[in-house]
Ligand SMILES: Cc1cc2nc3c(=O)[nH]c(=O)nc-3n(C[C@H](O)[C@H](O)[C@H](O)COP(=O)(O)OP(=O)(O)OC[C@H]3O[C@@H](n4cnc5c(N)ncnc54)[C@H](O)[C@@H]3O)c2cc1C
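This document starts with one chain, in the form predicted alone, laid out as C-alpha cells.
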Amino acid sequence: MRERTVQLSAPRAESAYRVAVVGSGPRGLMAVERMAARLAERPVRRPVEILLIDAVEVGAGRIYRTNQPPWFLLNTVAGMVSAFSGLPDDGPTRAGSGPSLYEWWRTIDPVNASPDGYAARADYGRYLRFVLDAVEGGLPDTTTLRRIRARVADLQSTGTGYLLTLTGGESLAVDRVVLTTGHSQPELTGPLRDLAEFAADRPRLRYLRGDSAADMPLDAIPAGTPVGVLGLGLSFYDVMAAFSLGRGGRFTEADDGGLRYHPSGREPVLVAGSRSGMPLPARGCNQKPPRFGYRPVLFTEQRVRRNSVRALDFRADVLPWLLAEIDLVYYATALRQRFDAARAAAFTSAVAARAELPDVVAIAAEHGIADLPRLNLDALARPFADRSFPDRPSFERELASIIRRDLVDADRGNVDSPLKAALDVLRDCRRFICQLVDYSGLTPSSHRDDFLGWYVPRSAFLAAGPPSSRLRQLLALIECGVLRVIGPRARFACDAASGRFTVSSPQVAGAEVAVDVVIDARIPYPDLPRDLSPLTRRLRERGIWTGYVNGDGAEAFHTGGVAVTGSPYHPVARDGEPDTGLYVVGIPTEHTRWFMQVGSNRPGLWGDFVHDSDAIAADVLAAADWERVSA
C-alpha cells in the first residue's frame, strides 16, 4: 500500500475548499468515504482538498496499525464488518460500494478466511488501507486526497477557517476540521498513580498503564518475571496472547477436547485479577447472517417511554423492559430447542400481546418450560460474589467449571444456545439504548449510577467476549502454570517492606503473590479534564472543547465527554455556542453519547457509525457549495 508524503508548505489550489480529518482510524476513514461518495453523486462547485492526518499510520490509525503482531484479534466476526457504506455492485470498488472484511480477507488468505472467523487487527488495518485506496481512486477530478503522517498539536480559529499546527512546526490552513482522535491517555489518579509512583522509585519494578496491548513494551519483560495483570477483559486476552503465542509457545489439541500449552521457556508468570474474578466469557459461535438485524418485541420506544418526554430513570423505566426482552429470547430459544419453532412462536405472541410489563417466566411455564430460572445479570457477571474459597485449588476448580460450561454454550452458538442468544440482545439493542440515554436522556444520578456504574460494566462483560478459542487457551495456561487467576475482588498493592507489588484476593484463603510488574490490562475511559493529549489540552484551554454536563446544580453529572450538538456533532464552546466549522465524533464524545468505541459497520446496514459520518460529510460539502455561491 502506498504512503504519500506531502509538501506541507505548498499553498492550496486556488480557491480550493480544504477539509482536514484528524485521525484516520475507522471513524475518520468513514467520514472520508462518505465525503467521497457524496462528491461522486453530486460534485460541489469548488475544488475540494481532503487532508487525512494520522500520527501513526494513515488509513489504519494506531489501534489497527498494520505492523502489529498477528495474535491480536478483532472481537467481531469478519462477515459482520465493513468499512464501506454500501454493498458491492456491478461497478468498481469505490466509496459507497465495496466488500466486507471477510470478502476482502478471502482474496488474500483463502485458507484461513471465514465469515465467522476473527481476523487479526493488523489485517483489519490492511483492509482499511485497501478501502482508502479504493476511495481515493474513485474521487472526481476536482477532488484530491492528501495523506499526512503527523501529529496535530494545536488548532486555532482564524475567523474564516482554522490553522492546524503539527508537532514538527508546520501549519495547515483549512476551512473545516473533522476530529476523530480516538483513544488517548488520561492522567493517572488514585491507586493507579500510587502504583506508578511506587515503581518509579524502584528500578526493579515496572508499571504499565492501560493502553492497547500492541503499544505496551511487553517484549522488555524478562522470562520468569512475576507479572500482575489488572483486569480480565478483552485487553487481558491480548496480554495473555502476547506472553504465550508471542513468546514462542504453542497450543495443541488435547485428548479431552481442550488445549495443551507447550511453553517456550520465555514466558513470564502471570497473576491476573479483577473485581469479579471471572475472565470475560466467550462469544457464542456466530450463526447469524452478516446483515442480521434484531427487532425487539418488548423493548420498544412506545413501551419504554409511554409517550413521556421527561428524562428517564434507567433502573425504573428502561431496565425492566430490557430484562423482559432478554427473558423472551432466552425462553423462546429454549422452547424451540425442546419442542419446535411453532411452540416458540406461540410463546412470543402471548408475551407480545400483554400491554403491561409481562411476567415472561410465568408465560414460559404455561407453554411448557417451568424448570428454567430467569437469567440474572449480576450472577452471570459476578459469579463469585459473596463466596469464599479455602484454598487456591478449590477456587481454580470452580473457575474452570464455570468456563467449561460457558464453552458448551458458546459452541452451541448465538442462535441455538438459550444463554448466548439471550445475551446477544445486549448487543442487538445497543442502538435503541443509545437513543434513550444520549444527551441527558437519563436523570443525572441514574446516568451516573444505574447506567454507567451498574449496567455498562455488566453489559460489556456479558456481550463483548472474545472467541471461544481464547477461553480454551486460558484453561491450558492455567493448567501448565503460566497463568494464575488470583480470585475475586483482586487487590493490587504496594508493599513498602519488601519493595514489591502484591496481588491478592480476600475471598481465596492464602491468595497473595508478590510481583515485580503490574500491567493495567484495561482501556481507560475518556475523561476530558484528565486527557493528556496536547491537542485536547489546547482545545480545552481555548474553550473550543468543553465537558458535557447532565443536569445542573447540586445534581449535575460531569460526564467527562466532549459536549457536542446533535448531528452533525459540532463542539459546544465555552460561550455555549457551537463551532459550526468543527465536528467531533467517536471516543472523545463517550458519555455525551454512548458506545462510541464501535469501529465498523455491518455490510450494507447503516447504523450510527455510518449515519454519523454521512451527516458530517453532508454538512461539510454543503458549506463548500454555499461558500462558492456567496463568493
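A quick note: this is a predicted structure, and the numbers were derived from the prediction, not measured. Residue numbers here begin at 1 and follow the sequence given.
Keep in mind that the form predicted together with this ligand is not shown, yet the notes after this line are about it.
Which of 574-582, 559-567, 37-45, 58-66 lines the interface with this ligand in the predicted bound form (heavy atom within 4.5 Å):
Partner-contacting stretch among the options: 58-66.
Evaluate D54 for contact with this ligand in the predicted bound form, applying a 4.5 angstroms cut-off between non-hydrogen atoms, and reply yes or no.
It does: once this ligand is placed as it appears in the predicted bound form, D54 has a heavy atom within 4.5 Å of it.
Residue contact check: V598 to this ligand in the predicted bound form, 4.5 Å heavy atom:
Yes, V598 sits close enough to this ligand in the predicted bound form that at least one of its heavy atoms falls within 4.5 Å.
Taking heavy atoms only, is T76 within 4.5 angstroms of this ligand in the predicted bound form?
Flag for T76 set to yes.
Going by a heavy atom distance of 4.5 Å, is V19 a contact of this ligand in the predicted bound form?
No, V19 is distant from the partner.
Taking this ligand in the predicted bound form as the reference, which of A199, I363, M278, L535 has a non-hydrogen atom within 4.5 Å?
Comparing distances to this ligand in the predicted bound form, the residue within 4.5 Å is L535.
Which of S100, S505, T180, S446 has a heavy atom within 4.5 Å of this ligand in the predicted bound form?
Result of the distance check: T180.
Residues of 128-151 having any heavy atom within 4.5 Å of this ligand in the predicted bound form, listed in sequence order:
Contacts from 128-151: A150, R151.
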